[in-house]
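Quick heads-up: it's one chain on its own, the form predicted on its own, in structure tokens.
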Amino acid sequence: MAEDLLRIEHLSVDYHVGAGTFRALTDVSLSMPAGRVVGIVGETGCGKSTLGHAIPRLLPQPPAQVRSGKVFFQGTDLLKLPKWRMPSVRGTGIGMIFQEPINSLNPAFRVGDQIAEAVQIRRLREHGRQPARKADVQGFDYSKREMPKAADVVTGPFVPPNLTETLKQRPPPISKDLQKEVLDFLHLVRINDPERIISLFPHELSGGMRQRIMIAMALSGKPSLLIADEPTSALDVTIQAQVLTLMKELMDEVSTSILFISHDLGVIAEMADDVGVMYAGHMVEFGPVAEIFESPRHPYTKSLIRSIPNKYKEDGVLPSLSGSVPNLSRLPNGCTFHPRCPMVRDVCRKDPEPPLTDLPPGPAGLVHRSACYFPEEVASLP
């Protein structure tokens, strides 16, 4: 069997803040072969985004701290790499699409310049070079563009703008071959009239267009793994459908794998091959998306699926999941889901958290895991 593209083993992450220690992730494990889409689903506060940011080591430290675990990407444990090695993994190995594109794009630069920077960084790495300083990219040092302090703006003397100095702050024109590659990536994400789009600033684009720009930037590094952290939650339903269709089409065109994070079960059912269900920082179920939706083996997964509005067409009260995700600084004893579980038993309250355990193979013979003491009883519930 080929080695997994991504393999996470017993990953635990804490947040240390003034109110105490929050167990954001506890003993999370999953494997992801190349060429597949793995969905991560759960309520807000279950640890989905923490998992996505922990893989390329984008968590803020402090307050975040990796308590234990391993993250293998293409056979290398990323948690053991020195910090100076991580930029060579991000972008060209692992790309990331964030939830709100307007916060990810630099408002001071045209989108063409920003995509060109990503392309140039990838070109340098393909030739065995690392852009040690941002001045290596287009000869332009973005780090020198510091915002003035508020006191200087209010009380400082008026200084007439110097046109020469202002022009020095602008990136140099993109070379023809670089511009051609930028346009190719914009064509790839189905953007019409890319020659005009590259001259625009982020605020001049719609939310759907900005998200396409972010996808183009992520793909410009030609990553093996693309982590999408709720990339459609800020978009309306029509644009959301277009972006999801685009991402599915691009998988085959650019040969990348996707870790897709969402709280929307409908989106996960549409996108994913496998799905991991998270609750209170724990992975409570993992398996093929069809088997998870047809025969869930954890009561939390069962409750989520029953709460989908289009699941029940008849009139009456829509099934819902009572309660809320527990405070991660004061998790309940035993199974963390037992205060909300409709089939809770004494063993769920008293015994330790059940581990994620392999279940007997289903009809397709694929791996299905559940962290419940009574998975077969869950499957038999209506």
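All values derive from a computational prediction rather than experimental measurement. The first residue of the shown sequence is 1; numbering continues from there.
The same protein also exists as the form predicted together with a small molecule; that form is not shown, yet it is the one meant from here on.
Of the stretches 352 to 360, 45 to 53, 335 to 343, 27 to 35, only 45 to 53 has residues with a heavy atom within 4.5 Å of the small molecule in the model of the complex. A heavy atom within 4.5 Å of the small molecule in the model of the complex is found for exactly one of 230, 291, 181, 273: 230. Taking non-hydrogen atoms only, residue 15 approaches the small molecule to within 4.5 angstroms in the model of the complex. The shortest heavy atom separation between residue 348 and the small molecule in the model of the complex exceeds 4.5 Å. With a 4.5 Å cutoff on heavy atoms, residue 63 counts as touching the small molecule in the model of the complex.
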